[in-house]
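First, one chain by itself: the form predicted alone, in structure tokens.
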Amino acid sequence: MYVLGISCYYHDSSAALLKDGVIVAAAEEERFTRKKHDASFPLNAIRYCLESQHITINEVAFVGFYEKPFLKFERILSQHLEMFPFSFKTFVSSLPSWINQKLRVMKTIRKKLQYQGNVFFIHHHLAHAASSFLVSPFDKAAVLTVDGVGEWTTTSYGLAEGNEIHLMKEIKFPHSLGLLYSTITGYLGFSVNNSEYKVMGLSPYGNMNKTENKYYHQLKKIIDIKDDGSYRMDMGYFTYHYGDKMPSRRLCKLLEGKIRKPESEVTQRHKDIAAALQMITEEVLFKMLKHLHAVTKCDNLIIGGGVALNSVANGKILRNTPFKKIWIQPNATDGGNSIGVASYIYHTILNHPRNFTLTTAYLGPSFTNSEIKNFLDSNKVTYAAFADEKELVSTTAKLIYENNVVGWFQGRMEWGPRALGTRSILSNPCNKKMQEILNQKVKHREKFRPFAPVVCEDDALTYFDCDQPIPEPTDYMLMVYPVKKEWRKKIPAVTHVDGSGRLQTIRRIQNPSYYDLIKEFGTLSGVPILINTSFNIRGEPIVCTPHDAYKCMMGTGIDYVMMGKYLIKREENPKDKWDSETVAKD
């Protein structure tokens, strides 16, 4: 039995396909259209999912959608009527998309997919909960979902066991921890629903002492946090419930300055505000989780929703709450809800037993060596080929050890926002200049942005102060931990300003060549760790195809790409090859 899950029309549209309860394919639409956070109907992602199993849409038993559009529109109407006439302009501008698109999901599925079978719609936060719990290793777990907003819900918690998920309590719009984080993201001059992780990365540069950081006390004036973690916000400081901008003039006055213009200087005040926001977010989460543990009396924890990508907070949960184990899926935000709705249909609605645990994020498209060779030859690309996997790994490790920046394009593309070793840029963490090199010459992004270390799971405790046993979300780069003091100066390019790193752990069973590459680099350098960052530049999605990878290399300072068994050196190829108009598509 095949079940197709769909998420779209807000941000990070995606599709996921289950076969007899097993996730066999999942991808976000942006990877195919090359539009960052593409919100359109995920036709390309759906096509990939079907083609991966060599089936047609007629062989899909059920299709699921990740929220209830009419219930969400009810909330939109309610909030705009409540705030009329201030909301009139925003409501009128949003109305066409609702009439022509968002309320016509069923018709779109029927027309664009030519699908005549059953379609299910489930609540947004239930999809978040299902996307993590139903593919987790736990038979029973406490569940917390936190994001911007679904239909009405912004935060919910409950208990899941077997096939059932019971969400006990919720906080409703407009009170939203996710939207608070997004509002301050916008205030700091970064793009909302895209750059919240930049604020998280900026926060350690600020004053993380609650007593000394005055903006922590200022922000506490706009959110009333109860002992159980529930909260209410003073909506006079926000405009997102009726306007097209999030911070109000009152918030700007409270934070002693105007909204920062994008690309302008990031001052110490901005850094302190980011730190204050992160501290408040953690305060809410930890109080909420302590209460959740007391209510459920369960030591296993599942988290879903966009706030679950706050890896700084995630790395502190087991040390600041009574929970003993934690699990978060690699695409915990809205893009991951296509897995959630498909799993909910199969396991909860249809009551099929759970027979699958998500142990890898490699669910996207892959390309054979013959397909890669055909692309390279048709574009007259100069390359070297390796017949032996061991030689491929040793050559790549040597290039990285010699401070080259290497694109690593191998196997199936990752699911979620993090590159995890199949669409990655890899480099030397021991080179103190490598962070600056990558930010300026390769990624074209802000200089304060940190880079993540990847380490083999069996070496992690040597270099990082991780929870024990090491939580599986570290496999998906979802946990930040302190780098042990004796190693911080030896791996400066992946040690953040506060001495931490957002590490990815890798087990050989998950990705043998990636694991072996890290070990081989360790043989050369004495430190079995690599810089792992996503194979893209700022403003573009992670690469999907050989065309995307080659174009990215030729437009940046990437020195080499190891694509399948083929090594391409940028300097050996004409620079005009990176122009998409001159490069044949895959």
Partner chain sequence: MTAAKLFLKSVGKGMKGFGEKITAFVNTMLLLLVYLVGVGLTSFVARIFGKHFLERKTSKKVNSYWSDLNIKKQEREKYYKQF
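If you're wondering where the values come from, they're calculated on a predicted model, not measured in any experiment. Numbering follows the first chain given and starts at 1.
There is also a form predicted in complex with the partner chain; it is not shown, and the following applies to it.
Taking Ala275, Val381, Met288, Met434 one by one, only a single residue has any non-hydrogen atom within 4.5 Å of the partner chain in the predicted bound form, and it is Met288.
This chain appears without its partner; in the predicted bound form, the one residue of Val92, Ala294, Ile509, Ala385 with a heavy atom within 4.5 Å of the partner chain is Val92. Judged against the partner chain in the predicted bound form with a 4.5 angstroms heavy atom cut-off, the residues Tyr463, Ile531 and Ile537 are out of contact without exception. When the partner chain is considered in the predicted bound form, Phe409 lies well away from it, no heavy atom lying within 4.5 Å.
When the partner chain is considered in the predicted bound form, Val266 lies well away from it, no heavy atom lying within 4.5 Å. The partner chain is not drawn, but in the predicted bound form it has a heavy atom within 4.5 Å of Phe173. In the predicted bound form, the partner chain sits within 4.5 Å of a heavy atom of His166. Comment: 147 to 155 is the region of 410 to 418, 329 to 337, 147 to 155, 200 to 208 lying near the partner chain in the predicted bound form, near meaning a non-hydrogen atom within 4.5 Å. In the predicted bound form, the residues of 68 to 94 lying within 4.5 Å of the partner chain by at least one heavy atom are, in order, Lys68, Pro69, Phe70, Leu71, Ser78, Gln79, His80, Leu81, Glu82, Met83, Phe84, Pro85, Phe86, Ser87, Phe88, Phe91, Val92.
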